[in-house]
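In structure tokens, one chain follows: the form predicted on its own.
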Amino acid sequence: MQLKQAVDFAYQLFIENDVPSPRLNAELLLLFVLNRERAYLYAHPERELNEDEQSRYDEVIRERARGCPTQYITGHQEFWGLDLLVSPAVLIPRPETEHVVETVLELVKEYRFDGPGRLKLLDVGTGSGCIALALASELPHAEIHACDISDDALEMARTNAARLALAGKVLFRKSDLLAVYAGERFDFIMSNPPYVGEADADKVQKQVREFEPKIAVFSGREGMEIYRRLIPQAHTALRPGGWFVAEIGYSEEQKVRSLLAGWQDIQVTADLQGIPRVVAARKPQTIGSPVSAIPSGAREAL
């Protein structure tokens, strides 16, 4: 079978099985099998697949047709320009989550703190490590921590850090939210927590519902269980004036805002579809606590 014919066959298979972006998926999986760049498909449409390539392509397109995400088949997903390894042990990083990174970087520009040492950040529920590693690539002199309750997810995050030469830039620890950080203080706490309610399971895509880790997708019946636990813990662990930044689910803005009573400067960022996607809130300054600027030279180092 020729390359063009193989793509057309997979395209029809994906159409019949309601696979999103069927042609893109067909091409990406063929490129994965061939270990080639996309231009190769257009330059050699009549090139014949050999027996091994045809067998492998048949295998991966049938996996995709039954719902398995392309990223789990190829083992890769790009995030913030970084090539991350992914597996069914972690949630697949999505473009919308890049808004968390963008929000933190914008807040860092104007951030003032009264603590000694370097800027200190914590990514809660790190999964593949995407948020922590993206920030580590942008803030090389910051002290970045990341945690997850899953051993398998932490192994994947550490592997990604090593592949990206960022292993020494992020300290990964196993923790149920902030349980192991008692007594530690941070300037920023970020999270993309599970926020789909179990009552809404039938509303999410099949590949999310059946293939991605449930612990990273669902959070109680209404999707708010982790927010209810995490927000008070973040308030305790943040330095005065520190920021909490989290991704939120569709229609959850007001529910999350209600949990942020007493916080200051609450702001919400919408994604490219106009859906509220990221909430940021600042812990109030302690009364009488002086607020000094970042030490001379530190801002440039960030």
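Heads up: residue numbers just count along the shown sequence, starting at 1. Here the structure is a predicted model, which means the values were calculated and not measured.
Keep in mind that the form predicted in complex with a small molecule is missing from the display, and what follows is about it.
**Q** So, a 4.5 angstroms cut-off on heavy atom distances: do all three of T126, A216 and I226 pass it with respect to the small molecule in the model of the complex?
**A** Yes.
**Q** Can you check 141-149, 68-76, 200-208, 104-112 and let me know which stretch has heavy atoms within 4.5 Å of the small molecule in the model of the complex?
**A** Looking at the partner contacts, the answer comes out as 141-149.
**Q** With the small molecule left out of view, choose which of T159, S175, S137, S87 has a non-hydrogen atom within 4.5 angstroms of it in the model of the complex.
**A** Going through each option in turn, the one that passes is S175.
**Q** Can any non-hydrogen atom of L122 be found within 4.5 angstroms of the small molecule in the model of the complex?
**A** Taking the distances in the model of the complex, the answer for L122 is no, it never comes within 4.5 Å of the small molecule.
**Q** Would L91 count as a contact of the small molecule in the model of the complex, using a 4.5 angstroms cut-off between non-hydrogen atoms?
**A** Although the small molecule is absent here, L91 would touch it in the model of the complex, with heavy atoms inside 4.5 Å.
**Q** Evaluate G220 for contact with the small molecule in the model of the complex, applying a 4.5 angstroms cut-off between non-hydrogen atoms, and reply yes or no.
**A** Because no heavy atom of G220 falls inside 4.5 Å of the small molecule in the model of the complex, the answer is no.
**Q** When the contact criterion is heavy atoms within 4.5 Å, does I131 count as touching the small molecule in the model of the complex?
**A** Yes, contact at 4.5 Å.
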